[in-house]
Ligand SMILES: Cc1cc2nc3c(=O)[nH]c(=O)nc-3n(C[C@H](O)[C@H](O)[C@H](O)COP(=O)(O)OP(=O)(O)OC[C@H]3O[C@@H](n4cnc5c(N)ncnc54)[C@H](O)[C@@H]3O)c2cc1C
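Next up: just one chain, as structure tokens, the form predicted alone.
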């Protein structure tokens, strides 16, 4: 065995030489991740006068909605989210589709969002240009004075033991300058997968936790699978719809069978949906046909390519799982593009124009906070003295689209064991069945980020820790 290595149990390890990491930035508020939550947190805290450093591994803010291509637009829900929608519209980055503009779309089984509509029913689908939106968001951060470190990866948290809870003193990051430390007073979790919280020692439930581990799944709890989004331009959808009608092939099953017989579809590309008793039913489980939505301009569509559910990948915790997903999904996308162009009428002149920079994770770590918000809190309409907003009404898809009105407590922003960390968005202290499909969308993440930024700035102003802040009235 090499003299530079040693063993720890059965694991071969390489001892990293101790090193002194230079402090590159000293901030009031440090935000890890510039997705909608981290972006809004950094923006709000800076606008309130705090010195803010924002760490982002990609080249722009927005997370899965920009770097990941999601680009889901809608009516503003207040605060920074409304400001964003208005600025996107002003810059010409919002694209709106209705039944008049895209006939044969409502009720079409190829539609990601509108397939459950009645055929030719009225609909409105809004999206924003991911690249343009990322530029707008970057400009807003710069205008507010945020020090945004793009192309910078979060590596670790430096935690100081406390008598009660512990405290984050700094984070370690890595970029073109090597490893650096960023110190701060209040830290904000905006990674989307609770990376900062996990590194700081916050207890969490892994993705898939709590879902039924029945015999049909071999007794294995599986996270809701993540996905990679991609875009094709030059699609003649009316020709696609004509084939669906004339060939009586609404799901393109005949064309898929023909391509499979010709060896042009690899195993695993089009997988039948798997049944189950999970709270999400058949959502994202399997990929039986193409899954698309109009975006950016006429003839341009975004497509979903999901990780096979049966693989039970934990991409947020295991590097091998993340690498496997990226390899497989790129391969599947390439195969699907070739299939569409060769076999499906309306795609002959289309071309692949973009693939998301990362595989989106729908079901990652769920940090345990001072209060863990559950689906029963929503169903029972619970009220909390530290509600972060006026009672909100949300539709819960697995309860037959029932609408519930409820509060969310500020304590769900505060993780166990750390007293100067604030959570946002999909990394808040919620059970998995509450976050998924309800509390992880763009408006919610932006709102929670704005609240976190407000709370952080107030803590800095009052010279107190996050858990010492008394939340007295709703923000929204």
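Positions refer to the first chain, counted from 1. These figures come from a predicted structure and were not determined experimentally.
One more form of this protein should be noted, the form predicted together with the ligand, which is absent from this view; the next part is about it.
Distance criterion of 4.5 Å from any heavy atom to the ligand in the model of the complex singles out 360 from the list 294, 360, 184, 134. In terms of contact with the ligand in the model of the complex, the residue from 331, 123, 311, 113 that brings a heavy atom within 4.5 Å is 113. Taking the partner from elsewhere, residue 70 is found to have a heavy atom lying within 4.5 Å of the ligand in the model of the complex. Remark: residue 356 does not count among the residues lining the ligand in the model of the complex, judged by a heavy atom distance of 4.5 Å or less. When contacts are judged by a 4.5 Å heavy atom cut-off, residue 227 counts as touching the ligand in the model of the complex. Although the partner is absent here, residue 192 lies within 4.5 Å of the ligand in the model of the complex, judged by heavy atoms. Each of 38, 57 and 425 is positioned with at least one heavy atom within 4.5 Å of the ligand in the model of the complex.
With the partner omitted here, the stretch from 22-30, 45-53, 440-448, 412-420 that lies within 4.5 Å of the ligand by heavy atoms in the model of the complex is 440-448.
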